[in-house]
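So this one's two forms of a single chain, laid out as structure tokens and tagged structure 1 and structure 2.
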Structure 1
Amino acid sequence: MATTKTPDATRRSERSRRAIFDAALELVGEVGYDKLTIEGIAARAGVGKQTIYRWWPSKAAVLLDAFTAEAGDGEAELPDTGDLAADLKRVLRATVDEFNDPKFEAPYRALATAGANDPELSQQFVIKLQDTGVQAYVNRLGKAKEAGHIAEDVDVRIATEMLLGPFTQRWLMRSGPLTYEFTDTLVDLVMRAVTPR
């Protein structure tokens, strides 16, 4: 008599989770955040909506987990070639490419917008996504300060915000194009402000 193997619930759950993530990311790009629904995600993923509600309380929570799963875990680190301005320009140019990619832009913009009206989501968004990236800049600028490339009285957290704030503002408000020229200019201006006299 043949023995039947018990299905591996962990593998089935992981397949369902991956299908839900894929569905959420695809749909937010197709219909936008306002029209994104748990029902739509469930239908696209081929699962019951009760499966989604068992793991997440809202569409925002699903989208945040889907997006951060795509971003990956681990501590981000900026390159250190010894030329701070060149390193910052290289990283910000790569960030321009990422933010101009519709597959990245749609979920990130949806989460940023939803977070403006949902303090809990905003806090989770910052913890899961932004803190790591911001800290990478703080760490890199901190090393440059230790090496004497940044003035001793500069607060590296504020210097980081001087770089990333205008970038985020331009992208979020669509007040101008995100270009390499823009980010190179940002770096040049911030370097003028923080370099020892």
Structure 2
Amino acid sequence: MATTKTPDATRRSERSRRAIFDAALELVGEVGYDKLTIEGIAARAGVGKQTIYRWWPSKAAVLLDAFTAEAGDGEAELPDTGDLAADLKRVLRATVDEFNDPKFEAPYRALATAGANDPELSQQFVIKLQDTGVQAYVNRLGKAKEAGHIAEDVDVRIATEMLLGPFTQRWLMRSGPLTYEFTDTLVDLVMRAVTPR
């Protein structure tokens, strides 16, 4: 028998989904990935655990959707004003704000460290999440290369890693402050590396 959801039921579903995502992100930041459970997420979200299992097969699946919903689809593409350095600085400054926000930072750190310990989780999940971000830079640098703003022989993926690697390392190991000054300097140096002579 086919059923059609009423508008009210759809709104209720959407509210539950948001509550589940919020609960999953909060909890993974508090207890870490290993101790995160579907039961815990359900209790925090105020829903039955069957509600979660109906939509997602595992805690990893819930978290992946939660992060994706948080990031929003639009951010998969970098701005292109024609000024590569300015665009990179703008996006990296926004990323500084994000990584200095505990609400984002805690769950992301929990996942990154769980992924570093667990090759399978890393392959299925952490990489998937990171690759979306990395790919956005690779695409933007690729367009700049086509436009002649980046030298022919530059590997745009490695150039991307030169921008994001130092940032992620400082964050993950807390080995230096994440500031606009840091990311601006990084962009200026990478621009010198990639700009045609």
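Just so it is clear, the structure is predicted and the values come from calculations on it, not from any experiment. Rigid core: the largest C-alpha set superposing within 1.5 Å between the two forms. Numbering runs along the sequence of structure 1, starting at 1.
Structure 1, not structure 2, represents the form predicted alone. Relative to the superposed rigid core, the position of the CA of residue 156 differs between structure 1 and structure 2 by less than 2 Å. Annotation: Cα of residue 22 displaced by at least 2 Å between structure 1 and structure 2, core superposition.
Once the two forms are overlaid on the core, residue 45 shows a Cα shift of 3.7 Å between structure 1 and structure 2.
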